[in-house]
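Okay, so here's just one chain, in structure tokens, the form predicted alone.
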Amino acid sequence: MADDAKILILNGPNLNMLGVREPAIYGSDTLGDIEERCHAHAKGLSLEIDFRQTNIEGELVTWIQECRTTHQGVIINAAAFTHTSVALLDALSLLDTPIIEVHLSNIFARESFRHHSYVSPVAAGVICGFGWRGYTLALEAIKDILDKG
């Protein structure tokens, strides 16, 4: 059932600075490196991905609203908006498709303000602390969810 499903992968603020920003926490891979790995992994799973990044909260909300009829699942690393954005929660709540929340670092081993997520209440699952591999794990999870239909 999930063959050729289109998955939206959303990335929030400052993720365009991966490889430069705090590599001890986020690793040395760039967002472009992660995108390449996701495309290769998705192809092996017979999934199509639409990979995007923005620093603008409203743009994420618009993309989520638009994907309601065009995508079969969402993988989201909302970055700092994870901990602050009721607007993202409201937009994600509109979806009837599976949502997987991803974080490069283990947000629960960091500052206490990072322990709360506005994405988690609507996510099928959360993957954190595995660096770029979290994205490929999320692709496998969403494929499994879609296959079980």
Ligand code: DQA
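None of these values were measured; they are calculated from a predicted model. So that there is no doubt, residue numbering starts at 1 and follows the sequence shown.
Missing here is the form predicted together with this ligand; even so, the following discussion is about that form.
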property: Heavy atom distance at most 4.5 Å to this ligand in the predicted bound form, all of 38, 75 and 133; result: no
property: Partner-facing stretch of 66-74, 50-58, 86-94, 105-113, counted where any non-hydrogen atom is within 4.5 angstroms of this ligand in the predicted bound form; result: 105-113
property: Contact flag, residue 80 vs this ligand in the predicted bound form, heavy atom cut 4.5 Å; result: yes
property: Close approach of residue 15 to this ligand in the predicted bound form, 4.5 Å, heavy atom; result: yes
property: is_contact(residue 26, this ligand) in the predicted bound form, heavy atom dist at most 4.5 Å; result: yes
